[in-house]
Ligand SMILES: NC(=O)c1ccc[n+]([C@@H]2O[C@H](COP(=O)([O-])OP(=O)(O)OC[C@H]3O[C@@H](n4cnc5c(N)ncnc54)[C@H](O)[C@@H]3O)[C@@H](O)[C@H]2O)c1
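This document opens with one chain alone, in structure tokens, the form predicted on its own.
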Amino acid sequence: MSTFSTAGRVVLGAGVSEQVADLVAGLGRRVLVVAGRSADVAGLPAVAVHRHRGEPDVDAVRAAVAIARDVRPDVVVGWGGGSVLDLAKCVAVLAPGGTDVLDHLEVVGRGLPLPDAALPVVAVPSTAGTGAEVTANAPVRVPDRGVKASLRGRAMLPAVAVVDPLLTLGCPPDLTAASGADALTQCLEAYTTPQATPLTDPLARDGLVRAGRSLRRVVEHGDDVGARTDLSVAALQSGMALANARLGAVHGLAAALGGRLGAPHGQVCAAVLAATTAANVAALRRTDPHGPGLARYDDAAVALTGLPGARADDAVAWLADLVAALAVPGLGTLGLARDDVPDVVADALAASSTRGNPVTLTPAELTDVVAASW
């Protein structure tokens, strides 16, 4: 049996962000806006605007929830990058009740189920990356544990996702590269996980095609609206796919690394993407050479490269070339200490995303991935 859940409504296209005020009006009168530092939200009838920068940690979630409990909004608008949207979703699900973020965090928190209902969220992404506008989770940094963990529940799905590629035109090349690498990674992991479904496969595969042909282009030519649209659609598709399938070891490592490094999530994913894919392909070839897992990587290679005869090793080589072309810094440059590697590997193995990997990687194999990504 396959099921599929996504945002209550998706509005996609160049210029659709001009409709946000009207869409919000249909959901409530008291509006709390959670926005990035540079987001232009002057046209929204907000009772409060909370500006946020960077990936949310436990304290940032608590501070934003406290504001919401004070102003008592009917609807929350998240306008910014994926981290801003995640924070808006956290606020919407936590503010109506009396619980704390640590009551519900996976792995490092109490892991209690989230409420079945939340304030409606209108999610307006200004980057093309996480697909947070259509996902039912939000990663939160836990600095004292050195990891990221997620709040997760269907109530976190936004009521409306407004995806306007024109909002991404101002993204600088490094942010475009990191965000786009995350969207590509999410499509690849959602396509190769054993939890993929007939409903997620077309989304993930088409997202690979779009990211494959447009990511380098848009980093080099940020004013290319067609390429920007490709990435916005790929990010949207990646969110829809991962929310209804699973991710894999790249995101398991990113959860373990992100809390320690404080680097952008997409940058961390890109740093380990090629080496993790190589490890997965090698392990599948050794343990199940004629199984569906390796065949999935073969098909992903065709989608990424556009070459009908491409195979899994071609995907690995293509990803390595992409990371080099995007000048993605390695884990050592991002600040990882070698003494932390055993803890990173242990945390990655415990991460929920790793359970969706197409093959079980050993601690030694993950250690090799980290070394190859240095």
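Quick note: we count residues from 1 along the sequence shown, nothing fancier. Computed from a predicted structure; not experimentally measured.
Keep in mind that the form predicted in complex with the named molecule is not shown, yet the notes after this line are about it.
Please state whether every one of the three residues 185, 193 and 293 places a non-hydrogen atom within 4.5 angstroms of the named molecule in the model of the complex.
-> No residue of the spot touches the named molecule in the model of the complex.
Of 92, 253, 234, 138, which one comes within 4.5 Å of the named molecule in the model of the complex, counting heavy atoms only?
-> By the 4.5 Å heavy-atom cutoff, the listed residue in contact is 138.
Since exactly one of 158, 248, 207, 82 fits, which has a heavy atom within 4.5 Å of the named molecule in the model of the complex?
-> Residue within 4.5 Å of the partner: 82.
Using a 4.5 Å heavy atom cut-off, state whether residue 170 contacts the named molecule in the model of the complex.
-> Yes, contact at 4.5 Å.
Indicate whether the named molecule has at least one heavy atom within 4.5 Å of a heavy atom of residue 175 in the model of the complex.
-> Within the cut-off, so yes.
Find out whether any non-hydrogen atom of residue 277 is located within 4.5 angstroms of the named molecule in the model of the complex, and reply yes or no.
-> Close contact is absent here: in the model of the complex, residue 277 is far from the named molecule, nothing within 4.5 Å, heavy atoms only.
Flag residue 132 as yes or no: does it have a non-hydrogen atom within 4.5 angstroms of any non-hydrogen atom of the named molecule in the model of the complex?
-> Yes, residue 132 sits close enough to the named molecule in the model of the complex that at least one of its heavy atoms falls within 4.5 Å.
Determine which one of 218-226, 162-170, 99-107, 199-207 lies within 4.5 Å of the named molecule in the model of the complex, judging by heavy atom distances; exactly one does.
-> The contacting stretch here is 162-170.
Residues of 94-129 having any heavy atom within 4.5 Å of the named molecule in the model of the complex, listed in sequence order | 126, 127 sit within 4.5 Å of the partner.
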